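Consider the single chain below, provided in structure tokens and representing the form predicted on its own.
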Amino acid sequence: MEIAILIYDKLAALDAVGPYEVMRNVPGWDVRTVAKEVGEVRTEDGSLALVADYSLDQVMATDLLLVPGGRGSRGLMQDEQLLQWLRDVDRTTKWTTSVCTGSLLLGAAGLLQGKRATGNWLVLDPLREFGADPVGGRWVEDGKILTAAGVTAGIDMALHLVAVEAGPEVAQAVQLGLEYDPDPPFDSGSPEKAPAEIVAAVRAFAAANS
């Protein structure tokens, strides 16, 4: 299984690194990082760097494509070179996936037309502009398109993919190896569960920093 993870400036680190940690632990799976150019990109606040080993023109086919989200995804929604690359690579994939606002990039490339999809809870409605049917949940599968909700949901989606492709025993072994056993101190990880004042504060912060 060949996996290509798109990275770009101002991405959300865990959107890419969470699924990477899951998939790199599967025997026989080859995970590659791809960007417009080979070299370093920086995360949303610039404090962490990731390195792309391949440029877009070096990766024109892959079994699994993963598109993370982050503030930088907004500017890329009008980047025709990248959008065309997404379309071209999607023709070769067994799975085309996204995490968080990465689904907006898939939508902008025309890959979510008529598809059920999800993303960060703050950007579900804009998916309609791309002909998608936005729904909730940690991840949504529609054909070969898998879209995950915000940030940490990419880990859940990646474990699902491992179970489908390599078997549930392998997925469980990877989960145990990562000791992925969430037990957060608060049950406020979704707008349905978080206190109303917290939801309002996060909405306001996101609007001010979009």
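When you see a residue number, it is the position in the sequence shown, counting from 1. Predicted model, so just to flag it, every value in this text is computed and none were measured.
Separately, the form predicted together with a further copy of the same chain exists; it is not shown, and the next lines address it.
Put simply, Asn120 is close to a further copy of the same chain in the predicted bound form: some heavy atom of it is within 4.5 Å. In the predicted bound form, Glu40 approaches a further copy of the same chain with a heavy atom inside 4.5 Å. Among heavy atoms of Pro168, some come within 4.5 Å of a further copy of the same chain in the predicted bound form.
Shown alone here, Val59 lies farther than 4.5 Å from a further copy of the same chain in the predicted bound form, counting heavy atoms only. Contact here is defined as any heavy atom lying within 4.5 Å of a further copy of the same chain in the predicted bound form, and by that definition each of Val17, Gln172 and Tyr180 is a contact residue.
Residues from 11-41 that approach a further copy of the same chain in the predicted bound form with a non-hydrogen atom closer than or equal to 4.5 Å are Ala12, Ala13, Leu14, Val17, Gly18, Tyr20, Glu21, Arg24, Val31, Thr33, Glu40, in the order they occur in the chain.
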